[in-house]
Structure formats: structure tokens, C-alpha cells
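Let's start with one chain on its own, the form predicted alone, as C-alpha cells.
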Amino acid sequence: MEELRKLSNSSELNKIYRRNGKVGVVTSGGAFNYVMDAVQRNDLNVDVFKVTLTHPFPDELLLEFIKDLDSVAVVEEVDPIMEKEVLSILGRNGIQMAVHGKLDQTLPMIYEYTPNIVMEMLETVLNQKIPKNQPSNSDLSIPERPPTLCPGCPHRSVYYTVKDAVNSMGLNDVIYPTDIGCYTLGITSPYDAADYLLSMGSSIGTSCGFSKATKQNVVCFIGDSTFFHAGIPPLINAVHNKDRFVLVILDNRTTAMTGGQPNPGLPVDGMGWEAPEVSIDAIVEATGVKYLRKINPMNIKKSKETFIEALEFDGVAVVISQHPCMLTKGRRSSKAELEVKQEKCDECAVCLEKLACTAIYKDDEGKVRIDTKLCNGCNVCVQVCPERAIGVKK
């Protein structure tokens, strides 16, 4: 740590921007951009210390930064970690200087910062009026676009099939604990398959509690990466305590939400080198689970049969849904283009309102169409269409 402290004090990543001011700002991350925006736009005489290597904190650089200043402000999001470091360094060196930030309530303890929040702070510290950024007036109507699962996403097929199985069994008031990943979007309509989310691994842990507290059916979801990270201990707990619920492990062969990093279930490590592939199946079996099935979620009929079996099982039932993320290497399920056969389509809207694939839409004439630029060719819509109106374009 002492060697790293020396590195922090000499690193070119930690930069001082002098503007001949008597007030300085210590900042890092995205907040640095807001500070520089406020300082440069308003031509303020405020020195800025950008801290990139923050731990160990560059104490010698800080002392150099403040030697000609009257006061300093610390602009950082989340907790006042750097602010406490600054106060500690000043105290150890017997320096009397005002330090403004979250602790003296010059800046809010909560919220992400904006340029205007930073400028309000500078107004207080500099004791001068600074014009705020004003939003431009526009009558342009911008359409809303909520977060959504990609066309061809295997998670969409899972949610559709689980809800179809639940409905066909006449089950009411099913509880759907979920976890952190792309599949958290199961909270959206029409899937409505995310009732509770606390933290990574909590889908299984809370299912244990729901299993004890209510007679309702419980179906929980967790991704492959999250299962390795935090799902194994609560699964052991569930088996040992004889709980009853369905666990769906969504193995899309990557850590999709944060950029496609590998996880222990793949034959490569984080650096891209060959590595042993850890089997999710073997881990689940080792915990003592008696019902374990693996499905291809793109096969709707077999997946539905499996989920019905799992829901009927008296104990912990685990279904591993394995299908690669459609963003993996820009993969496409099929080269064939799909289209809606208009002479067969009765506009029942199952593909739009129950499957809710974002590659399917209604045109200006109200006809159901498939956007071939978005369509991944997964063929799930072909399987769910009751009129068999979707097929390969000739």
C-alpha cells in the first residue's frame, strides 16, 4: 500500500488544472465533467484537482494543490469518501481550511449530480451569482422507448412459456422473485414476471422465505453469471430446508447485461484464455435437487411441458434454460427471413401482446408486420401464432 501511495502521488492519471483561483475543487469520475463544464463555461477562477487513482489517496498531490488556496470543495457522487480523505490529510498536517461538500451540506448527500447542482455549490463557495443551464423549449414530440429485451432474446421465450404454463394449469397469484440481469426486464408487461428483487442471489433466497410463508406457487429467475456469483448458497439452503418452488436458471452463455464478459460456465476465462468450464448441472445435482431439467427455450412446446412438470413437483425444481444471447458475436438464429402471411392473419395480436417481440409491429394500415432488420430469425413467433400465419418469406 505504501508503494501504491507513492504511485498515486506520481501518477499522470491524477491531474491539477490551475486557473489562478483561491478556491479549489477536488473531484473524480463523471462529476469532473460537471465541474469543468461549470468552470469553463462561466470562466471561473477555480482550480480543479481531478483524482483518477483514488486509493491510496494522493496525499502529497493534495497538499501541493491546496497550498495557495483559501478553501476547497469536494465534488463526488455517492458517499463522501474523498471528502473524508481530504479532511484527514488536512488534520494530520495541522492545516486550517474550509472543506465544502456533502458533510457540511453544501452538496446533497443523495442524487446523481448535474451541472446545475455543481453551479449552485460554486455560487455558495464563491459567493457570486452563476447563470444556470436552461432547458431549451421545443414542441418536438419524442416517442417513449422503454428498456426492452432484444428481438430473439431467449429470456422472452422463457417468460412467455412460463406464463402460458401457469395459465394452462389455472394457477392464480403466482409469486415471481427475480434477480439482477437483462432478465430483470421480465417486470414489464405483458410478462409481469418480476414481483420482488433485492440483490444478487436474492431470487432464490427470498423464494425460500415465500415457500415457508405462503402456499402460493413460486417461480424465480436467476442468470448463469449471477447463479455462480450468489445463487449457490441459497439453493443449498432451499434443498436442506425442504422448500418448494421452481428455479429457472437462465443460461445465455455470457454476462450479457454488463457487456458480454465470460463466467465460470464458459470454457474461457476473463482474459480469453482456455479455462475449465464449470457445469451448472453438476452444481445443482450436488446440492441434492431431485428435479433437474435442461431446455432449449426456443422450443416452446417442450419448454411448456417441462414447466408444467416443474410446477407440479413437490420440492425444489430446477429448470436450466440454455440458449446463447443473440448479441453474442452478432449471431443470428436463422438466415431465412420471416413474414406475416396476411391472408391467414386474423390480427389476434398474440405475437404483439403476449410474446411482445420488438421486431413485430403494426403498420399504418393496422396490418401486423415483421421488421426484417430487427428480426433475429428465432422462429418463436412461428410457434406461438395460433393461425400459423407467420412463416419463411419465399
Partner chain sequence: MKSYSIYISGVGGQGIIKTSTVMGEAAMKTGLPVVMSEVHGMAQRGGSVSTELKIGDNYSPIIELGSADLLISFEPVEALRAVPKISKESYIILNTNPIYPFNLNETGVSYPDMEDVLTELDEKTKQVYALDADKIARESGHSLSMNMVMLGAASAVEGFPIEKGTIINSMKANLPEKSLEINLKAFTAGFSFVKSS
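We call the rigid core the largest set of C-alpha positions that still match within 1.5 Å between the two forms. What you are looking at is a predicted structure, and each value in this text was computed from that prediction instead of being measured. Residue numbers count along the first chain shown, from 1.
Not pictured, yet referred to below: the form predicted in complex with its partner chain.
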task = Could you tell me if all three of N33, Q134 and P146 have a heavy atom no more than 4.5 Å from its partner chain in the model of the complex?
result = yes
inquiry  = Residue-level contact is defined here as any heavy atom of the residue lying within 4.5 Å of its partner chain in the model of the complex; does L327 satisfy this criterion?
reply    = yes
query = Is the gap between D37 and its partner chain in the model of the complex 4.5 Å or less for some heavy atom pair?
reply = yes
query = Is there a heavy atom of V284 lying 4.5 Å or less from a heavy atom of its partner chain in the model of the complex?
reply = no
query = Can you check whether G288 is within 4.5 Å of its partner chain in the model of the complex, heavy atom basis?
reply = no
query = Tell me, which of L69, L352, A336, L63 has a heavy atom within 4.5 angstroms of its partner chain in the model of the complex?
reply = L352
remark   = Only hit among A256, V316, A73, V319 for heavy atom within 4.5 Å of its partner chain in the model of the complex is A256
key: Location of its partner chain contact in the model of the complex, chosen stretch of 243-251, 256-264, 296-304, 163-171 [non-hydrogen atom, 4.5 Å]   = 256-264
ask   = Does T287 count as moved between this form and the one not shown, where moved means a C-alpha shift of 2 angstroms or more after fitting the rigid core?
value = no
ask   = Quick one: core overlaid, is A213 moving 2 Å or more at the Cα between this form and the one not shown?
value = no
